[in-house]
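Only one chain comes next, encoded as structure tokens, the form predicted alone.
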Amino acid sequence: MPMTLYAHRLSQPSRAVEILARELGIEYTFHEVDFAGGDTRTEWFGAINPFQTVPALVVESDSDTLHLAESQAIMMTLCRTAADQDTAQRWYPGEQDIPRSARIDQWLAWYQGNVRRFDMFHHIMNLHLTLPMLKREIQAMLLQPLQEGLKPGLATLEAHLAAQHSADHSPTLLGNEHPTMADLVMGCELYQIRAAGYRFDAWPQVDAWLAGMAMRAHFQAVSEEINALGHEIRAQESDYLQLDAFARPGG
């Protein structure tokens, strides 16, 4: 069935959906939506996704056309319908393993209030693009509260991943060798600020877990644009961004 992903690779949820589609071997057409430039508020995109957010998925079949919004709903649908169910159920087993799915659902729900809530990349970009006289104000008034707000969530992740640690493989949220949809969603979120130069060495288990996710080939491929932007930000804004906000004291 022809499938079109409307997304942007600077969007954390967009990257999570695209990485999963590639992991599952699903063919799709990628249509870039310039959400920062107002594409999501246009009439043509409103017909695709009335929520006016990216990503959005359109799946065409002989009998119907499915329009689907919200990244986690899209990812669950991809796992439920993928031809390669052995791989799909590692990411999200759905009804095939309800206890395991429930644990994934729990982390996805937790992520919204403890990680996603403190997304700071919008303000990082504002700082990057604004006049020097405003940069320290953005850092102090907007970015620092988000950094402080994220720290309890990082501490929770650190303790959990430490309990799940295995010498055989990088830590994952469920302790298995293969990550789940929850690892991917949260990994894309935190990788966004790691690309901008933030370090997580005060939380070594989180750092190792994120490094393990970033080593996956599809994660690397879909992250090329955020890595390039992050390199630009690191080169120009190191005097303004508190890039050691999550680093080990004295490290």
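Just so we're clear, the structure is a prediction, and the values are computed from it rather than from any experiment. For every residue, the number given is its place in the sequence shown, counted from 1.
Just so you know, the form predicted together with a small molecule exists too; it's not on screen, but the next bit is about it.
Query raised in the report: In terms of non-hydrogen atoms within 4.5 angstroms, which of the given stretches 195-203, 63-71, 219-227, 22-30 touches the small molecule in the predicted bound form?
Result: Contact-bearing stretch, as computed: 63-71.
Report task. Give a yes or no on whether every one of Pro13, Thr53 and Arg116 sits within 4.5 angstroms of the small molecule in the predicted bound form by heavy atom. Result -> Checked in the predicted bound form: all three residues contact the small molecule.
Requested in this report: Determine whether any heavy atom of Tyr191 comes within 4.5 Å of a heavy atom of the small molecule in the predicted bound form, and answer yes or no.
Outcome: Taking the distances in the predicted bound form, the answer for Tyr191 is no, it never comes within 4.5 Å of the small molecule.
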